[in-house]
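A single chain, nothing else alongside it, follows as structure tokens in the form predicted on its own.
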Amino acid sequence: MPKWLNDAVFYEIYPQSFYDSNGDGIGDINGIIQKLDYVKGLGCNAIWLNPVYDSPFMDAGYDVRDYYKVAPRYGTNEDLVRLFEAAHRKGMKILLDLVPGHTSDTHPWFQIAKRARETDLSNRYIFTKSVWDAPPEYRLMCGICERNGNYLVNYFSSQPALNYGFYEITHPEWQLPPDHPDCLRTAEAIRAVMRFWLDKGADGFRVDMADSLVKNDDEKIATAKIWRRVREMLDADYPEAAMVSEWCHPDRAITNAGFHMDFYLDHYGNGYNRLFRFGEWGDLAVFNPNGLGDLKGFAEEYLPAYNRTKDKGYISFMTNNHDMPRVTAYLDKQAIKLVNAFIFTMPGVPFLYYGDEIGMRYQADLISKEGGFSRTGSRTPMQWCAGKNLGFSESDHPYLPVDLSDDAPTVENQKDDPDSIYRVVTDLIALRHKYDDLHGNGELEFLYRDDQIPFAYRRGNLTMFFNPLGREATITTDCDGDVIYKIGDATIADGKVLMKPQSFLLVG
């Protein structure tokens, strides 16, 4: 296990929307290099970089055309190496985004595989036996290739699924087992991509759709075996490299598959969702001040998973990511401050999505950009300062429009505001680094009865008290420490914590 993860705080950068250094309207690698001091100033010592590989951008880069080449709009391979080197000089790590489940339909592998003539890449993707063979239980593209067959896609029609085999074979005329030599070669091809970038200075990978590899693998047994082989490679050759999975199943991802971290994602009705987004635009969320949230629904899912995996890896909370509406669409400013207090004082390795530190808004109803659809409103340019495109770009045609509201938050107007989300985020990250009890592997004890809110939890010698309600509340406690940090108005005395509406208290 890489030791640096225990005190890591990640910043997710959507590269096309972060900072445009050359005026073409699209963020780029040199722009990220120029802003590394800003990221480090937040307290973030690691970055997750969304895909920067060559792509036709039908899905914003998650449709890879060449795993070994940086997309020209972002720069060059040499620019990416310079980013690694610049980050390392500042004591920061960089995780690339790995997309192992599919490629673009313009990838050279697929261009060869779809030919009628059989080649050594014919089984790199999954084709049915004939164009008339289209089982309805699979997502297939039908009748558009020279080859007499239809191919499986992992999501969009332009994303043919790579072939790692089928755990349960239901159509033996075209499905291969995971241990078939061609399926093993697919896994080796992805490991080769990882080695290429690790050798150039990458510090690991966030793995897109990590559970999607082997098909008909409901329990993910064969898929986990592939990732355990990757973990063995890392442990042997790159022991400081880290992997975080897009899985949202810690037992499978961490315990079975060997990932160092697993994202706690926003699936409707799960524990993450119940905390921040549940109901009609968050009206049933724990952090909604109306008091209709269900803490028990979160705890009964999260705590068993945490206890089973805490000695093997980290469950990673995120403020948001590129695939879900920003939390500003659901909760008010004071609630968002408490959300950040929760995320940055819980165990695991937290991830801060670019712009969340200033309370950037989700821009609903934007026209879809590069396969974004409803996600497009969370991918708008970073808002740096007053002026053209709020400091993102000098172009007249930026990648997406910035927030045009008169009160649009920017780094410039938020960083010195004592009442800002920025101040809360940076304060909390600094406290996380300062206190060992707040590091990733610190202990956790939830202090609650049934589903009651307000609530509290203890981590070592520190206790966190939360009142997300829109009314005053009192918590009885045996904690007798000093107040280290608070949000809103809260006091502790004589075994009682008196909490005004939407307040937080850190005591130790």
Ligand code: NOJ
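Numbers follow the displayed sequence, beginning with 1. For clarity, every value in this text was computed on a predicted model and none was experimentally measured.
One more form of this protein, predicted together with 1-deoxynojirimycin, exists but is not displayed; see below.
Asker: Can you work out which of Lys225, Arg124, Arg432, Arg379 has a heavy atom no more than 4.5 Å from 1-deoxynojirimycin in the predicted complex?
Answerer: Comparing distances to 1-deoxynojirimycin in the predicted complex, the residue within 4.5 Å is Arg379.
Asker: Could you check which residue among Asp203, Asp266, Asp217, Asp208 gets a heavy atom within 4.5 Å of 1-deoxynojirimycin in the predicted complex?
Answerer: Among Asp203, Asp266, Asp217, Asp208, a heavy atom within 4.5 Å of 1-deoxynojirimycin in the predicted complex occurs only for Asp208.
Asker: Check for me: heavy atom within 4.5 Å of 1-deoxynojirimycin in the predicted complex, for each of Tyr155, Gln159 and His322, yes or no.
Answerer: Answer is yes for this spot.
Asker: Check whether Glu246 has any heavy atom within 4.5 Å of a heavy atom of 1-deoxynojirimycin in the predicted complex, and answer yes or no.
Answerer: Result yes; Glu246 sits at the interface with 1-deoxynojirimycin in the predicted complex.
Asker: Is Arg274 close to 1-deoxynojirimycin in the predicted complex, meaning a heavy atom pair under 4.5 Å apart or at it?
Answerer: Looking in the predicted complex, residue contacts with 1-deoxynojirimycin do not include Arg274, since no heavy atom lies within 4.5 Å.
Asker: Mark Tyr62 yes when one of its heavy atoms lies within 4.5 Å of a heavy atom of 1-deoxynojirimycin in the predicted complex, and no otherwise.
Answerer: Tyr62: yes, in contact with 1-deoxynojirimycin in the predicted complex.
Asker: Would Arg375 count as a contact of 1-deoxynojirimycin in the predicted complex, using a 4.5 angstroms cut-off between non-hydrogen atoms?
Answerer: Taking the distances in the predicted complex, the answer for Arg375 is yes, it comes within 4.5 Å of 1-deoxynojirimycin.
Asker: Thinking of 1-deoxynojirimycin in the predicted complex, which stretch from 87-95, 180-188, 322-330, 247-255 has heavy atoms inside 4.5 Å of it?
Answerer: Careful reading of the contacts points to 322-330.
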